[in-house]
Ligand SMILES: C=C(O[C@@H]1C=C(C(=O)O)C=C[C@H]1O)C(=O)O
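Let's start with one chain on its own, the form predicted alone, as structure tokens.
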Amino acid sequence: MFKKERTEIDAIDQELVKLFERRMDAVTEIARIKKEHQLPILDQSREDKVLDKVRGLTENKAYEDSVEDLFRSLMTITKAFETKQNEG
């Protein structure tokens, strides 16, 4: 029961990890630049634009709120990572 669906989820998870690592590589570079230029970690206008963009990209509108929640969580994770990167 659910074997096919769970196999599909496992494959998607594998792709998500690769995409997350790519995203974090970009975040690492942004953190370096922010530190170099003494810029704050939080850029609320950028976050608002990202949330608007991903809501608009969501094809299945039943998932819009969940997609926004996902990206809010991602941004919380990346801000914490940027903060750690800039502490040194």
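Here the structure is a predicted model, which means the values were calculated and not measured. Residue numbers here begin at 1 and follow the sequence given.
A second form of this protein, the form predicted in complex with the ligand, is not displayed here; the remarks below concern that form.
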Would the ligand be touched by all three of L42, R46 and E82 in the predicted complex, meaning a heavy atom each within 4.5 Å? yes
With a cut-off of 4.5 Å between heavy atoms, is V54 one of the residues that contacts the ligand in the predicted complex? no
Exercise for the section: May I ask you to check whether K34 falls inside a 4.5 Å heavy atom distance of the ligand in the predicted complex? Expected result: yes
| said: Is M75 part of the interface with the ligand in the predicted complex - any heavy atom within 4.5 Å? | reply: yes
task = Check whether K18 has any heavy atom within 4.5 Å of a heavy atom of the ligand in the predicted complex, and answer yes or no.
result = no
Checked 25-39 against the ligand in the predicted complex; residues with a heavy atom within 4.5 Å, sequence order, are V27, I30, K34
